[in-house]
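Below you'll find only one chain, the form predicted alone, shown as structure tokens.
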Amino acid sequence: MLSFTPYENPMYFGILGLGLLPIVIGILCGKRFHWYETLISVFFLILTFGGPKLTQGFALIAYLIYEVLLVWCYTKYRKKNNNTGVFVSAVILAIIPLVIVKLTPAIQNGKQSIIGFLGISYLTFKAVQTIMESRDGVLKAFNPWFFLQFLVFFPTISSGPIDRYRRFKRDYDRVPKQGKYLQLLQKGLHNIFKGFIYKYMLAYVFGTMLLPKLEHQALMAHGLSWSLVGVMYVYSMYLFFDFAGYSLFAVGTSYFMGIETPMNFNSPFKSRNIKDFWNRWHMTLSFWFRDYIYMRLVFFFMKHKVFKSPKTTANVTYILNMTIMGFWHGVTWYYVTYGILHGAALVVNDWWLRYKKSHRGQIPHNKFTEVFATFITFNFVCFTFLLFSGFLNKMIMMK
């Protein structure tokens, strides 16, 4: 049985093109065939989770039944009641499968959980945000069948980008006008071709041709070396081009289906500070953490007057938010340290911006300072990516 990781095989793209053709023709003719979109989604889910990944496929089915029932029950409850305890319980129940999947390798010496599958994080984010928006009252109507469609939208199921329920529904329910859709097709084709350059050319150069050699040299050096500096920069480039390439494929494919999935990257290495970086890097994840963790923690701390100063509230929440993001990547010291460092950097960045504002006449601001700020941000990010890669852990273990 054929089995593909999304966007990893030329044959996958050939099958994808054939599968999208009826959708393209239908929308150009002013019609959207939801039954066919469901059929093609099921087909690509079978391609992704069939064959050797059949265990993941069964885990996905069980997970979908669990989450759809959970969110459906909570939204029905929310129409009549708004108990905080029930809301918190629903959120905890929604994230329990993900927590189990993330903790299992740490507890069982690297063994993967039997309930894990490719993309469980991104489906969990969608489920949690739907519960939270129901609690907030902004989600007025909930349709379990549509929610299932939203969860398993196949272009983005494995690694995002993370869409929002209401935004996705607006696109799903309407048929774009022909002129608008032609623009989407043009953008979609552009994104897919750009994705090929990123993932299959640039990521290949950095990740396959350069990185293994530099890693070997760095390991042989047994400590700090120029090869280790090379690993830092080359891995950062590989990580960006590989992930951004995948995201471009997902967005481009979505456009062909008339769904304007949000972009995930916006020239992140041009960022002038770390907050700017997180507004450009893995944006749908960053904005999800901002809206559903950071802002809610700030509101909780201020409502209960946990800290006297709003600045302290923001600083503590930065650290907590990014530490949670670190744990989400994996329960290892280097992922958690990565998150803490970025949280600390956001605290320092806010302090610096406030200091600059109050000493505007004393601190110059010109092209040079902007370039210097970009240089500092880029190097800090690359250093944290070196931590994130786990290579330093590998070096330590070899000593």
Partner chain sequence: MDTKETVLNVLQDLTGSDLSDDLDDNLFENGLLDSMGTVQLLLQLQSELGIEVPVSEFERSEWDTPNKIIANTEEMLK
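These numbers come from a predicted model, not from an experiment. Numbering follows the first chain given and starts at 1.
Keep in mind that the form predicted in complex with the partner chain is not shown, yet the notes after this line are about it.
The contact residue chosen from Leu239, Leu202, Met132, Leu210 relative to the partner chain in the predicted complex is Met132, the criterion being a non-hydrogen atom within 4.5 angstroms. Residue in contact with the partner chain in the predicted complex (any heavy atom within 4.5 Å), chosen from Lys169, Lys194, Lys275, Lys187: Lys275. By the criterion of a heavy atom within 4.5 Å, Tyr198 is excluded from the residues contacting the partner chain in the predicted complex.
Among residues of the shown chain, Asp173 is not one whose heavy atoms approach the partner chain to within 4.5 Å in the predicted complex. Although the partner is absent here, Val138 is a contact residue: one of its heavy atoms lies within 4.5 angstroms of the partner chain in the predicted complex. Under a 4.5 angstroms non-hydrogen atom cutoff, the partner chain in the predicted complex lacks Gly223 among its neighbouring residues. Only one segment in the set 283-291, 83-91, 100-108, 114-122 has any non-hydrogen atom within 4.5 angstroms of the partner chain in the predicted complex, and it is 283-291.
Taking a 4.5 Å heavy atom cutoff to the partner chain in the predicted complex, the contacting residues in 290-310 are Arg290, Asp291, Tyr294, Met295, Arg296, Val298, Phe299, Met302, Lys303, Pro310.
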